[in-house]
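One chain comes next, on its own, written as structure tokens: the form predicted on its own.
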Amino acid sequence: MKKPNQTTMILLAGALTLALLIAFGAFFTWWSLASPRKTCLSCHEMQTNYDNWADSYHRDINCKSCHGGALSNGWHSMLENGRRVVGHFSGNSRPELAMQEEQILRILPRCKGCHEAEYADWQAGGHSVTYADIYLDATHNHTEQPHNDCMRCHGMFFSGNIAEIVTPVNNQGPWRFVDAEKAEQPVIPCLACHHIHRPGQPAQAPDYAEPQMIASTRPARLVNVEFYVRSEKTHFAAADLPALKLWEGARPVQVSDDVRQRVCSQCHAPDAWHQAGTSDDRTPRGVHEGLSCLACHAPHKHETAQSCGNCHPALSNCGLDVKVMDTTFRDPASKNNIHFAKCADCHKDGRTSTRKAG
């Protein structure tokens, strides 16, 4: 039998390579365009995740738009998915797949693709604080050393313990990160307060045929915030979180019934005795008692620059512009904290007005 010559071998190898490339391209195209039920769900133990997505606000958005594709992160994705395949066939896979912190941080720029204004506000607000801002704060660390409970609010998706973030774990320092890459990572990402698979209806245009009916027929907007509880590794809807019980001495403090504030109070919480103004509690009392945090603070940026004008007229009962009163709204050094200010803080003699008679 005559052996094929070198040219024939090269042509056969080229044809085989081309066929493999075409086959791979066809498979990759199908994988990218097919329903998640035929792709992700067919291989991974994620039925619960799929069911939640199918009933969520994001049901019309393909999985890879948020989570990325099989090759979106190069060899890292391939190794990660390879481990899942091995776990699947070896019987060592987890009942439900949960995202790790590095995966959640990769999602952040994809959130921006649709929620650009909210993302910009988050970046400009206090919740975009980084690991370096929190865990290398020498003033705070000298007062209270870093500990695991810090991650309940600052780094809630990190799966390790505090010794795997910062060293030394004491209040002497100097402190440094175990992994230097953590320095600029955010400790309160979008998913701290938002659940991608939260149940809800995608937004729809109103019926413009009857414009006068738009307002009355508009569906009620559901509260779309949740809180990720690190110890449980799951989100809890704001309405399912406990309402804050708060006291000023023995007096019960009136707390807003805005369920969104229950998310705020998970981190901005009082001490174990629920005394108002202790620890990180900022629940309004005094002249603002009963108001929701969201009455003054913008949801993502948290700025309050225009908040006074939303409720107050140009002049208060005192005849003064509320924005220039001696409170922390005007000057952070003021002794009259805007969260807790009382009339008597300024009106020592008990007068209710400083306007001149006549």
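If you superpose the two forms and keep the largest set of C-alpha atoms that fall within 1.5 Å, you have the rigid core. Don't overthink the numbering: it's just position in the shown sequence, from 1. As the structure is a prediction and not an experimental result, all values here were calculated from the model.
If you look for the form predicted together with heme C, you will not find it shown, but the lines that follow are about it.
- Heme C in the predicted bound form is approached by D326, whose closest heavy atom lies within 4.5 angstroms of it.
- Taking the partner from elsewhere, G125 is found to have a heavy atom lying within 4.5 Å of heme C in the predicted bound form.
- By the criterion of a heavy atom within 4.5 Å, E144 is counted among the residues contacting heme C in the predicted bound form.
- Remark: H140 counts among the residues lining heme C in the predicted bound form, judged by a heavy atom distance of 4.5 Å or less.
- For the options Q254, Q201, T217, N171, the one in contact with heme C in the predicted bound form, meaning a heavy atom within 4.5 Å, is Q201.
- Proximity to heme C in the predicted bound form, defined as a heavy atom within 4.5 Å, holds among W175, Y119, F236, F158 only for Y119.
- Along 264 to 295, residues C264, Q266, C267, H268, D280, R282, T283, P284, V287, H288, L291, S292, C293, L294, A295 each place a heavy atom within 4.5 Å of heme C in the predicted bound form.
- After superposing the rigid core, the Cα of Q204 is displaced by 2 Å or more between the shown form and the other one.
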